[in-house]
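Given next, in structure tokens, is a single chain: the form predicted on its own.
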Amino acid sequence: MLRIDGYTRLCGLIGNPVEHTVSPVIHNTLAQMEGRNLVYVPFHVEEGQIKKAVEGAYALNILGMNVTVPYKREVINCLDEIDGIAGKIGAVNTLVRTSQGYKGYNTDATGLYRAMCSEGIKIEGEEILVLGAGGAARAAAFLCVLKGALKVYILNRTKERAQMVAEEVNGQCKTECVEGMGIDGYKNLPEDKKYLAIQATSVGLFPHTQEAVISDKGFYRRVHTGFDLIYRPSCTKFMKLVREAGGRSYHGLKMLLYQGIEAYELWNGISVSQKDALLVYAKMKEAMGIEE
């Protein structure tokens, strides 16, 4: 049973919008399972107010915060310290309270890795297609390089943006294995190869469920496994096209689960068991009406 008193610790999510987030299910379920006196709530932060929001959170003794769009890059300037991986990626999604301020972490990349591992997807030695060149795609590209991908192709509607992200990742990781291309750049790749594809754009997100950033079935015939970072709906157009072409496909709800679990672990100095993680995942699916 939830109790709120003078000893209750508060964590939360800052972003815009935050009204439809599933993150409270993760943290409040974990706190309840542990018997921890902690509550997690979302905070809608208007444009231009992120610095005040972080300062206010610290002044109010808030234990930790998650950060979502559009503030994952902007929040860096409000922090006392930043973790090495978050610094390389150039984005922060988790704030951990320290004696001087908040330290920023990026659990999106590590959450994605844990989600992919849980589905038996390997990155090491793979050639990978990353769709998009925004913050999520950048984190995915960094993850692929750090985990030993053979080659990473970033496909984006604006080729110059894809090339810029590729240069940033190559420079930070001291490699040359990342290449930026236009959205149809895959047509120049060998047709007999099969790739792991990570869908890191917002195309196909509810309510635009019949859209996919690439509709050409020739693309999907090259994909052995597709991982869509979107989790609403639970089967996106991208996922359907991968499956129709004979590949495996997965949505991003487990990424949300594990990035949240890693934040919870950082805030509380604990390790969440896989058994408890799966119990939380069941609660998340129940909250979203997913019956798979």
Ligand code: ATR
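Start at 1 and count along the sequence shown; that's the residue number. In this text, all values refer to a predicted model and were calculated from it rather than measured experimentally.
From this point on, the text means the form predicted in complex with the named molecule, which you will not see here.
Picking from 91-99, 120-128, 171-179, 155-163 the stretch near the named molecule in the predicted bound form, with a 4.5 Å limit on heavy atoms, gives 155-163. Site annotation in the predicted bound form: the residue of V145, L79, A86, V203 reaching within 4.5 Å of the named molecule with a heavy atom is V203. Checking L196, V75, M116, V213 for any heavy atom within 4.5 Å of the named molecule in the predicted bound form turns up a single hit: V213. Contact check for A109: no non-hydrogen atom falls within 4.5 Å of the named molecule in the predicted bound form.
In the predicted bound form, the named molecule sits within 4.5 Å of a heavy atom belonging to G132. Put simply, A136 is close to the named molecule in the predicted bound form: some heavy atom of it is within 4.5 Å.
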